[in-house]
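As structure tokens, one chain now follows by itself in the form predicted alone.
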Amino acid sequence: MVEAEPKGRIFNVQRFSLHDGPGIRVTLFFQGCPLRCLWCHNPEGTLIPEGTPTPEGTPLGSRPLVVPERCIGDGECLPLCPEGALSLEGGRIRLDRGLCTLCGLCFSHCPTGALRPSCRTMTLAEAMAVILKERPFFSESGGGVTFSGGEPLAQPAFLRLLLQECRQEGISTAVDTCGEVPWETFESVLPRTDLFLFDLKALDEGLHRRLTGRSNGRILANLNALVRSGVPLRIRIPLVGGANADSEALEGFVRFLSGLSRRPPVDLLLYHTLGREKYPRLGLPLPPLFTQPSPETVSAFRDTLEREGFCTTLGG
């Protein structure tokens, strides 16, 4: 029996990306993430409800994304729903999520995207077609493709295929990861990956659990192993006021990073609220509201890291 080729669950494709690695890039966002960061701006990438198993056996679910302001109010989608979950209120679409069974019949009949799935399943050929279309920008800018999420290493078989295809096409690759996967998963993609972007949320174990729902033990072990392996690597630290940007937390970052066996570049990512509008569209409660750390705090943190021998950037 021939084993079916893995497919991937992708929730977004961002073209002309300037913040996910060097040069102009196309970023493919994989659904599925083991962390539940309180400030997450990609909630559609973390959904693990009653969903369809992926080829990896990880349950990844999709929720309808409802954007009422895009609705033209023609009502043609209403009779398509076998559960009667759709209605119009004030000329705009309304979804009763308690009735919705994720059959997807309404998606293909919505011309404006007022109703659409939060992710799509892509074959290797479909994903490579998206990547190759952006190739002229790569050669001019020194860019390439970045696999982000969610967590791309949550779908390792599909990721390995994409990395291999990109290598054969001479396209530079980057994997943006939270690090919370088995080390064996990292090892399986090391020979095929040109750059790792490794997110680091907090160093204190208790704080990390409060902010992400998980321990940071395996994350830190994986980061140390990546550093020792010598692979190209950038460390990315989201700075979130009221979460991980007070003096104690920042000192923890400095102590840990200074103990690494080499000094990878460090990207400092400032908290923003751009993803908050997605939560009600997915039928999810709004996350806590945080703040950006002050410019003085960020500047002092950068100065400290650079005195320790790290090259830092503000943003990706």
Partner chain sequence: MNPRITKLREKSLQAVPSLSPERALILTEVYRSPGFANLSAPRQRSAALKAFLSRKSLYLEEDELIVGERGPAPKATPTYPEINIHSLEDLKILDSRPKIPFRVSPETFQIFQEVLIPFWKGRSQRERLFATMAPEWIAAYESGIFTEFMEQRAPGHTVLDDKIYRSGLREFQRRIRERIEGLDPLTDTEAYRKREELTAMEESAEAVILFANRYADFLEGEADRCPRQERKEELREMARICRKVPAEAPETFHEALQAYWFIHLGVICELNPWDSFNPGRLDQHLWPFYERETREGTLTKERAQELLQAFWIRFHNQPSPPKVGITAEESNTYTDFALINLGGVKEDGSDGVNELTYLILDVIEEMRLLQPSSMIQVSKKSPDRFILRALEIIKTGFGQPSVFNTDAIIQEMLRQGKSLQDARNGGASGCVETGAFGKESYILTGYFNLTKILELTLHNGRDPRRGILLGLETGNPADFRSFEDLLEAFRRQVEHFVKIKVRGSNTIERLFAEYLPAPFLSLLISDCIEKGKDYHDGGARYNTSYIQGVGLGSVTDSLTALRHHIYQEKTLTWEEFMKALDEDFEGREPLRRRLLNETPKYGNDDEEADGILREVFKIYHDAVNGRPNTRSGVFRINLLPTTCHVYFGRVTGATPDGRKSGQPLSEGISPVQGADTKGPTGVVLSASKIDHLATGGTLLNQKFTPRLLSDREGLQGVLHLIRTYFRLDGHHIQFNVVDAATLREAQKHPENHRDLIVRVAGYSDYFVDLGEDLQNEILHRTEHQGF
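Residue numbers count along the first chain shown, from 1. Please read these numbers as outputs of a predicted model, since none were measured by experiment.
Missing here is the form predicted in complex with its partner chain; even so, the following discussion is about that form.
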A300, heavy atom within 4.5 angstroms of its partner chain in the model of the complex: no
E134: touches its partner chain in the model of the complex, heavy atom cutoff 4.5 angstroms: yes
Even though the partner isn't displayed, in the model of the complex is E140 close enough to its partner chain, meaning a heavy atom within 4.5 Å? yes
is_contact(R210, its partner chain) in the model of the complex, heavy atom dist at most 4.5 Å: no
Can you say which of 281-289, 66-74, 258-266, 244-252 gets within 4.5 Å of its partner chain in the model of the complex, counting heavy atoms only? 66-74
Just give me the single entry in S87, T112, N224, S215 that has a non-hydrogen atom within 4.5 angstroms of its partner chain in the model of the complex. T112
Residue by residue through 6-20, tell me which have a non-hydrogen atom within 4.5 angstroms of its partner chain in the model of the complex. Q14, R15, F16, S17, L18, H19
